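Just the one chain here, the form predicted on its own, laid out as structure tokens.
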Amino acid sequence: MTDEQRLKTEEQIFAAAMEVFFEKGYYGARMQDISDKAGINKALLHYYYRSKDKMFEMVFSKTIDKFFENMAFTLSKDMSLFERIEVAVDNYISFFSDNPHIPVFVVQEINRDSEAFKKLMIDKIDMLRNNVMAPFVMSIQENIAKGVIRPIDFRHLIVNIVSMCIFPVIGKPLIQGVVFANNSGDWNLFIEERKKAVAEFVINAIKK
């Protein structure tokens, strides 16, 4: 097997593992499910990834990286606070709509094993706090000092923004069924409108 074939097989296995873990979670997923999805035998699967734990750790880590990269790209931009909020909301809603499995998967697995999550996250959290959150928090503090926004705990602001972007994705089956009578066209329009609605709501809530 050439290096190119090995890389292709490894990527094929990883894509299958990600799909199975997203669908079934850690406990529900089996190595046989992953080998079947990848179209390979189980022995070859073990050759590449050794164990279910190793494979899950890689899938979970890369999933978290994808979310953090998106957050870093948004919050570290050099722009005004209100522009930053507008871009963040637009970007987060688009990201979660395109990757609806990520928030559900991450929350589920954090609750399953919070200690393992902390070990995986320790370096990522430090990077996010120092390189991404710090400029955003500084912008908030500067705008409070200038009297542009009312005094607010930055932690509430960040959690408010992220949660308002995530909840429609997590609650889509209920919201779409109850509020939109399962009309997918209305739902898609709502998600687009929500980008502006959430940003305006957050800005109006903090603006003096």
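Note that the structure is predicted; figures quoted are calculated from it, not measured. Throughout, we count residues from 1 along the sequence that is shown.
The same protein also exists as the form predicted in complex with another copy of the chain; that form is not shown, yet it is the one meant from here on.
Trainee: Looking at 50, 62, 150, 146 here, can you tell me which has any non-hydrogen atom within 4.5 angstroms of another copy of the chain in the predicted complex?
Mentor: Result of the distance check: 150.
Trainee: So in the predicted complex, does any heavy atom of residue 82 sit within 4.5 Å of another copy of the chain?
Mentor: It does not: once another copy of the chain is placed as it appears in the predicted complex, residue 82 has no heavy atom within 4.5 Å of it.
Trainee: Does residue 193 reach another copy of the chain in the predicted complex if we count a contact as any heavy atom within 4.5 Å?
Mentor: Yes - in the predicted complex, heavy atoms of residue 193 and another copy of the chain come within 4.5 Å of each other.
Trainee: Using heavy atoms and a 4.5 Å limit, would one call residue 141 a contact residue for another copy of the chain in the predicted complex?
Mentor: Heavy-atom contact with another copy of the chain at 4.5 Å: absent for residue 141.
Trainee: Find out whether any non-hydrogen atom of residue 15 is located within 4.5 angstroms of another copy of the chain in the predicted complex, and reply yes or no.
Mentor: No - in the predicted complex, heavy atoms of residue 15 and another copy of the chain never come within 4.5 Å of each other.
Trainee: Listed by sequence position, which residues of 179-208 have a non-hydrogen atom within 4.5 angstroms of another copy of the chain in the predicted complex?
Mentor: Sequence-ordered list: 179, 180, 181, 182, 190, 193, 194, 197, 198, 201, 202, 204, 205, 206.
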